[in-house]
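Read the single chain below, which is given as structure tokens and is the form predicted alone.
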């Protein structure tokens, strides 16, 4: 059964005995040994160039953050924008041009979600918001700038960055390029605590995804300077660059680059085991610590930064905000697998056409993300974002139909988050959200390991992804209801206080009127006495 599933998605899986051990032979619990061949790298003896494509006439930039929450635009329709100009918090324009629309468009999402987006018509001038920055052309973008090899000048730039880190990070719009898209500024500026270990995540363990490896092999010196900047900014006691042992050319490139700039960063070669590149397994591999999903690594003295984000940081130090990323194009049905640098907002269909990878027929499935953690796209007219690291082309899915769970516990053996997927599956099917929360459904990293080993062919990852989304929706609705109840109670309290104040004012007015109508006995008696005295005088 496992062979049928893995062949359907184009993976070679080696379980062996280690996949069923309760111990952590690879530094973390569970995981799988997968095919390490990555089509996007091509011939491993080459430098592995990264193709740059010109941005399209129209770019669609989603106005959402890493939590998929909408953010307010800072531009208006028909407004002229420059490359690098802020469109919203932590989002910059990838080109110069005119804002043609601000509307809801479909984005890369397993459910075909529509979100508010800024649509920009490209004027093809790439006029920068920072007049001191001259954007290099496509062929030069992946090459080192002339001053990169001048260590003294580079260190001067790093010193300037550290002195103005808050402003520069805000302008650069840096987010994590490992897939989560968490704001880098928020992560780095919270590291003023006692940071023990800074981990540069260069593992990239999932099949087909090769964008980080290609970047390390082509731009290692820029990455090394970015690592130096991070080390000095965070003042970490230890900086570790973690790379899987199968990336031999990337390892040599990074070792040479770190030696060239006399970096104190430690190059750690970790065993190849999926999902070693996920944050929690990587921290366990490097430090031996297991950090619960509901706790931040910074609270344990650890920060993880993706190697591509490190490269983007060095670009930002040189005046270029994050407006593009490297995307791997792979999959069994991809005619020309490669790594390509793409501006954010570029449609997936345009990327495939420009690289000669347009689908031959409608049976080809286009997926976003890796073969395990990714999902099929409803449409290719969706924009590339910072969280898009891979686009796959695969044949029509021929996986067997799901059967009832047999409680074999294989899914629990390979789960790197140490969950009980079979139990979670039952509770998600029964919509028992409290039980799912009790079993820590939120800790699921959606790696897909449980799918590969399930003999019943149950789509566990898809089920958990939907259940997490549904649980978040329910929590959001409950929060809205709670907020509405608080507003109602506040209004009720205000009305009651207003009514009490009104009644008090009425009573005060009544009391005043009563006091005004109450006769003054002393005055009356004095008047009577005067009358009596006058009458008595007249008689006399």
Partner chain sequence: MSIGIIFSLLLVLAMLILMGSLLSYLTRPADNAQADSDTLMIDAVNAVLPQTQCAQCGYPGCRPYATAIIKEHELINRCPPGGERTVSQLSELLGTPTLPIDDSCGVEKPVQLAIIDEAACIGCTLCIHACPVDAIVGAAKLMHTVIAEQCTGCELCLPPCPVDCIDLVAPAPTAANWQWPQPT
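Quick caveat, the model's predicted, so the values are computed rather than measured. Residue numbers count along the first chain shown, from 1. Rigid core here is just the name for the largest C-alpha set that superposes within 1.5 Å across the two forms.
Another form exists, predicted in complex with the partner chain; not displayed. Remarks below refer to it.
In terms of contact with the partner chain in the model of the complex, the residue from 443, 358, 113, 168 that brings a heavy atom within 4.5 Å is 113. Contact annotation: of the candidates 121, 109, 82, 157, the single residue with a non-hydrogen atom within 4.5 angstroms of the partner chain in the model of the complex is 109. Residues with any non-hydrogen atom within 4.5 angstroms of the partner chain in the model of the complex fall in just one of 182-190, 236-244, 463-471, 305-313: 463-471. Although the partner is absent here, residue 485 is a contact residue: one of its heavy atoms lies within 4.5 angstroms of the partner chain in the model of the complex.
The closest non-hydrogen atom of residue 513 lies beyond 4.5 Å of the partner chain in the model of the complex. Mapping the unseen interface onto this chain, residue 504 falls outside it, with no heavy atom inside 4.5 Å of the partner chain in the model of the complex. Using a 4.5 Å cutoff between non-hydrogen atoms, residue 481 counts as a contact of the partner chain in the model of the complex. Looking at 408-431, the one residue that comes within 4.5 Å of the partner chain in the model of the complex, counting any heavy atom, is 429. Relative to the superposed core, residue 68 undergoes a C-alpha shift smaller than 2 Å between this form and the one not shown. With the core held fixed between this form and the one not shown, residue 433 has its Cα displaced by at least 2 Å. Annotation for residue 289: C-alpha shift under 2 angstroms between this form and the one not shown, rigid core superposed.
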